[in-house]
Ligand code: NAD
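Quick heads-up: it's one chain on its own, the form predicted on its own, in structure tokens.
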């Protein structure tokens, strides 16, 4: 039997690095006594000093009173031995991401701590059941995955193994709230919830780069400005560090028995092997100087040569809303809208999920005259357009001028099914749907987890509902048809709801 929530007073931390230090700080600030241990001598004391500096910054910002600082520090007790933590009510392991090290730690904790002590791991990816393999009292073992930086990030994943007791989970949910966090309940497995769903954010961007659809700067800018994401995937990887993101992504790919949805690219591997690890080395997907991106790295270049507006254009869109957008823009610019394609005139099309070549073949129009534009994402903020190989340069330039004629930025990419944002969001939502099919978490937890834990503008299922489940399914199906790769297979969860036009949060 676990301790009740109101009996948790003493919290033990194994590992006083960045994560352990952050967890210790929030626990002490919430009124818990904290015992801090690290296998490396003096690290626990150094971490307490670092926490003091963090508290001073809070005082300078007016977020903490000076008199509270010493009280908080007085609750943190650096320890020299693991057995100093044996009398704690809750022990949180935040050691190095190494399975054997964690197994031995839990074996020692399980043997030394009273049976009512709750033991949890802060691992970001290793299944809790694997970590607990050498223990005798598995009902008291769970996961408590905090997000970095711990003092700022509100989310914590509470991971339940098949044998974790309900009372332990109840205590951890209450404890998480007591330290000011928002807990979500997640089923045990590699990567848990946020780590799993976040992979598509990286891997689809890597795929776009591998196919030379656009540069990292253009991809990131479109995802930010057209998709509403706070940062682009390459910006995030460079900030976190390729040496951090690559191993965890690679491990999840291997742990998923090489599921192609988690597949990385050889170009990414080459950057890591070359030592280009992001901001920390002044070189990653971007170039930096003293940790700051160079101006050329953040510029999303426009590819077409400036030209005059087309005199006339034939317009086509997959949906009526898209056709209305194109028509309004053309008329506002004084461009004559043709009733049918005319030799030498621009054909401006707005497909969903498909590339320009596929639309050209379907409609039987001239590939050299056709330019495609995304009317689903970024119409009012950052437009994305593309064309077939062999498009006439003068018509491409005219299309560029027309698409930016009302002051909205327009960026050219190479021909791609689903442009950038359509396929990017659809792939993320499709993976989220598969996690729902696996029963990893509730729809509410999944949406909340990605917003709080990864700063997504919308939860993946919410974003899918905003597009419409039928539309998401059509984009994913188009990607699957185009590439004929299992990477783009539509999730059964998405298929059933998309075919019925139901919300992606609709339970079975």
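No experiment lies behind these values; they were computed from the predicted model shown. Residue numbers count along the first chain shown, from 1.
This next part talks about the form predicted in complex with this ligand, which is not shown.
Check your understanding: Applying a 4.5 Å heavy atom distance criterion, does residue 148 contact this ligand in the predicted complex?
Key -> Answer yes; at least one heavy atom of residue 148 falls within 4.5 Å of this ligand in the predicted complex.
Check your understanding: Would residue 38 show up as a contact with this ligand in the predicted complex if we use heavy atoms at 4.5 Å?
Key -> Heavy-atom contact with this ligand at 4.5 Å: present for residue 38.
Review point. Taking heavy atoms only, is residue 96 within 4.5 angstroms of this ligand in the predicted complex?
Key: Looking in the predicted complex, residue contacts with this ligand include residue 96, since a heavy atom lies within 4.5 Å.
Check your understanding: Might residue 105 be said to contact this ligand in the predicted complex, defining contact as any heavy atom within 4.5 Å?
Key -> Yes - in the predicted complex, heavy atoms of residue 105 and this ligand come within 4.5 Å of each other.
Point to revise | Location of this ligand contact in the predicted complex, chosen stretch of 177-185, 116-124, 391-399, 263-271 [non-hydrogen atom, 4.5 Å] | key: Heavy-atom contact with the partner occurs in 116-124.
Check your understanding: Among 338, 101, 134, 213, which has at least one heavy atom within 4.5 Å of this ligand in the predicted complex?
Key -> Selected option: 101.
**Study point:** in the predicted complex, residues of 480-504 near this ligand [heavy atom within 4.5 Å]
**Key:** Nothing in this stretch is in contact.
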